[in-house]
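Read the single chain below, which is given as structure tokens and is the form predicted on its own.
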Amino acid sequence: MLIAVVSSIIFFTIVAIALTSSSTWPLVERDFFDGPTFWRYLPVIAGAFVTNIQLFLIAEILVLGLGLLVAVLRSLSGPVFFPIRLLAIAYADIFRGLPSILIIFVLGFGVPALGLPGVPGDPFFWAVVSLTLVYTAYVSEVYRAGIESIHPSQAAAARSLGLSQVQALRYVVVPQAIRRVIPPLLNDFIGLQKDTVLVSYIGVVEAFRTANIEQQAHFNFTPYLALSAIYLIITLPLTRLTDYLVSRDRRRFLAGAR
């Protein structure tokens, strides 16, 4: 531990000296690391970040349910369920294959431009829809991996007790699968939280849009640093929680293998 601490201090000291000794450092410090500008705009950007949190929470709740539904539909066996499986596969492949920003643009600008009666034109609504469609596709694959990791004997035992295929999935397979996929689900939700900034391109005034407005108004990039700090405060604890859960599952697996 002592060697690690000393080597870290030496490394970061060398990096700091290399940066600050550059002839252009005063310019970089003024435009990116201006302290008064940082503290002046941090509360403003933090206030706008509430919109990002709202987007994230609404989309996350929808994604958790819809992703599981798509995964279960794709896991149904038998020729009678082939059309349903085909639709679930097509949905996951299409929305994982298209760039998120493209889906946000098409839905955020294209659908309201049609002027269809009863169709909302609120950018926030289409931001939630876009993020939900994209991340449902990713999360459904995480759920499917968890379902397929359950040994077939579990479903067979449930069927032998008189449960139908759907009941076996609901009461035996899916509960075990969900417990196994919590760490990768958290990784997807970290990505969802970060991707909420993409909806700024369709007019949603959230944290990134606010930082961009302040940067263009004052020709200083420090507001982006304030936004970065907010995101790190939110995502780093979740990242550490994910790593802890992965390590705990690995320890349990190794203990069971013995």
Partner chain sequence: MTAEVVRIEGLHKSFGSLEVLRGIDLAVREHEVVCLIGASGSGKSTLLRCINLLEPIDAGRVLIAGADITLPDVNENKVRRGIGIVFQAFNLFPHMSVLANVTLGPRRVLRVPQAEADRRATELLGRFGLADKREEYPDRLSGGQQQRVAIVRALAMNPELLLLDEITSALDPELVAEVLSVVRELAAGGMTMIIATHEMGFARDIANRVCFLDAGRILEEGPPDQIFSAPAEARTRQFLDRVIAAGRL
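Given the structure is predicted, the values throughout are model-derived calculations rather than measurements. Numbering follows the first chain given and starts at 1.
Beyond the structure shown, there is the form predicted together with its partner chain, which is absent from this document and is the topic of what follows.
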Margin query: Just to confirm the contact call: exactly one of 130-138, 112-120, 181-189, 163-171 touches its partner chain in the model of the complex at a 4.5 Å heavy atom cutoff, so which is it?
Written below: 163-171
Checklist line | is_contact(Pro99, its partner chain) in the model of the complex, heavy atom dist at most 4.5 Å | finding: no
Item checked: Contact test in the model of the complex: Ser149 vs its partner chain, heavy atoms, 4.5 Å -> no
Note to self: Is Ala145 near its partner chain? Define near as a heavy atom within 4.5 Å, in the model of the complex.
What the structure shows: no
Check: How about Pro83: is it within 4.5 Å of its partner chain in the model of the complex, going by heavy atoms?
Finding: no
Note to self: Residue by residue through 132-163, which ones have a non-hydrogen atom no more than 4.5 angstroms from its partner chain in the model of the complex?
What the structure shows: Ser153, Gln154, Ala156, Ala157, Ala158, Arg159, Ser160, Leu161, Gly162, Leu163
